[in-house]
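Presented below, as structure tokens, is a lone chain in the form predicted alone.
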């Protein structure tokens, strides 16, 4: 008979680790499987920005809980975390109007913004004090190591082949578990194509870069960020902002740019990002996308960037922010479907584990 677990998790990204951590905190016996040999997906290819203030509704709820969990695990797992807040830069009056209507954080003058960050041409901005930051390349691997030391079992190079209540079938044999969670990001359609189609899940490919740092003390969002995050995108003023981009810089909308910057603890600068959605994301990246990101950075900072790395990220995308499906008793399929996994994933996972293991 196979060894029995309280919870089996498929996927060792941030959402999968969040489930394992929440179950471990309850004293449950947990196993995590992943087809890779290490954490190499969306969880290490992002900004490391835990941006609670940019979201509303369910996303805000999960983000606020995730922020507390990141702060809990950082000293225990030994990874870098800081609480710098976020600086949202307005370089046009329509952007300042969005910030004023949103009413989030502390509104700033253009002079205040440029005093806080080496940006050019700011007419205003907002400081969001509640946001935190981790190094995406360090945090999740360190959290996995911490969970392993606390008794969570990891089985790498192991693929999920099928599931039934109480049994997960893998490429290395069967795992018996009272509850099974699939946290496989965009690969929901591999085992659950009907769920993927029902919820409109596709893949979102994005372009990002790593550059020499600029001395940013605070992560920076811009006008294009306002069109992506619900706190700002839900304002009436956002329509005028979108119309200006359409008239003056349509490539920003065509490539669905989030012009955003965070610096890692070694001082290097994460630069991004563009977005393209399809059922299958081609591996061939368009150099014009990187040219656009470089131009936008020069316009904002008044100087070019020295690029060290370029890469493609891929994450699940759907009309709704989150996927929570229950195809079988004791089985859950869970994804963050708007590219905010680092911000919300730990909070979402804790909610699912609470549902699965609620008393009675």
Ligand SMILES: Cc1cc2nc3c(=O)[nH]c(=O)nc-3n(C[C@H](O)[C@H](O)[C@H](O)COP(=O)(O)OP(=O)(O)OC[C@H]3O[C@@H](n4cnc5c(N)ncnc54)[C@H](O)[C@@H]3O)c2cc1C
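Positions refer to the first chain, counted from 1. Everything numeric here is computed off the predicted structure, so don't read it as measured data.
This next part talks about the form predicted in complex with this ligand, which is not shown.
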4.5 Å heavy atom contact, residue 294 to this ligand in the model of the complex:
no
Might residue 131 be said to contact this ligand in the model of the complex, defining contact as any heavy atom within 4.5 Å?
no
Would residue 16 count as touching this ligand in the model of the complex under a 4.5 Å heavy atom rule?
yes
Within 4.5 Å, heavy atoms only: does residue 300 come near this ligand in the model of the complex?
no
In the model of the complex, the residue from 94, 187, 135, 112 with a non-hydrogen atom within 4.5 Å of this ligand is 187
Scan 191, 211, 74, 107 and let me know which has any heavy atom within 4.5 Å of this ligand in the model of the complex.
191
Taking the partner as it appears in the model of the complex, which of 123-131, 201-209, 233-241, 146-154 has residues with heavy atoms within 4.5 Å of this ligand?
201-209
Is any part of 12-44 within 4.5 angstroms of this ligand in the model of the complex by a non-hydrogen atom, and which residues would that be?
12, 13, 14, 15, 16, 33, 34, 35, 36, 41, 42, 43
